[in-house]
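The data below hold one chain only, encoded as structure tokens and taken in the form predicted alone.
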Amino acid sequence: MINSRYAASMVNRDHWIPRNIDLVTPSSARLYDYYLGGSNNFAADRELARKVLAVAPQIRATALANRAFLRRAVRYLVAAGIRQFLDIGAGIPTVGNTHQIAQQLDPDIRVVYVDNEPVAVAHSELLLSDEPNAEIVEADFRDPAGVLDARETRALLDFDQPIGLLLCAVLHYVPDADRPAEILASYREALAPGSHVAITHITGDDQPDALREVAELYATSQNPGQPRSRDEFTALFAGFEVVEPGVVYLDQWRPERPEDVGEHPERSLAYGAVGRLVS
């Protein structure tokens, strides 16, 4: 259920736009919101999104497939015993957020969202104002200490118990120069055995030309992207035991119905997988 404060903010949208926000340079979080059919984006975002969709119309389906993967992964992790989540790069709130999915199964599940996009944080603060078991932290994935030591994180999450670390559509915005594997290792070292990580990532393995054009367009945004190969994506799970069905295209990861996969799962343009921390 959406709380009244959040609903009121949607009526007068000017009230939720953070001060000093860059309205000229497109943001990946707001582009993603546009692909999902949201309204929390600006003219510059919509202009770039239309260019992206012109060269790769399947990107909208990719966003929807990523959202569906998140839903299935959260349900899988709850079934595996996870009762607390750290959702990094959560983006602008939309239908089916992590705490909503998980708390349908257990209302006591705790969720900390993390994002560095001001609009995403502003909306999350409104949405979560009446949620005692969910918080938002404004921080960047590349600053593990800023995420892990944040007051909200420490208040809600018990790092002596397993945690579900969610990194959906995040790591393709972290270039090799920023050493994403090393950063991810810092998070892994903070987790208790039995914790899990769920990651999705854009790839150009099967449609390199489309992804090349998309990457060129995203280079003009606040968040340039870097597609990675299957081997590069798999390497991000170092220290984790990848659970079945392994590294697959988004629609292939534990589909709710066989017909949800379709004849061309590679058109999702993204891989997804879940790993378990054994020791």
Ligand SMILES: C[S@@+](CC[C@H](N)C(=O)[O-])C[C@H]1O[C@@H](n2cnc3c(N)ncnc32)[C@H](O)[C@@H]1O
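Note that the coordinates shown come from a computational prediction; the quantities given were computed from them, not determined experimentally. Counting begins at 1, following the sequence as shown.
The form predicted in complex with the named molecule is left out here; the points below concern that form.
Is it the case that 29, 32 and 117 all touch the named molecule in the model of the complex, with a non-hydrogen atom of each within 4.5 angstroms? Result yes, every residue of the spot touches the named molecule.
Contact of residue 90 with the named molecule in the model of the complex (heavy atom, 4.5 Å): Yes, contact at 4.5 Å.
Taking 4.5 angstroms as the cut-off for heavy atoms, does residue 41 touch the named molecule in the model of the complex? Contact with the named molecule, no.
4.5 angstroms heavy atom contact with the named molecule in the model of the complex for residue 228: No, no contact at 4.5 Å.
Given that the named molecule is not shown alongside this chain, does residue 206 nevertheless sit within 4.5 Å of it in the model of the complex, heavy atom to heavy atom? Because no heavy atom of residue 206 falls inside 4.5 Å of the named molecule in the model of the complex, the answer is no.
Among 232-240, 64-72, 209-217, 247-255, the region lying within 4.5 Å of the named molecule in the model of the complex by heavy atom distance: Selected range: 64-72.
Within 4.5 Å, heavy atoms only, which of 169, 111, 77, 163 is in contact with the named molecule in the model of the complex? Spelling it out, the residue with a heavy atom inside the cut-off is 169.
Of these, 131, 149, 125, 140, which has a heavy atom no more than 4.5 Å from the named molecule in the model of the complex? Exactly one residue meets the criterion: 140.
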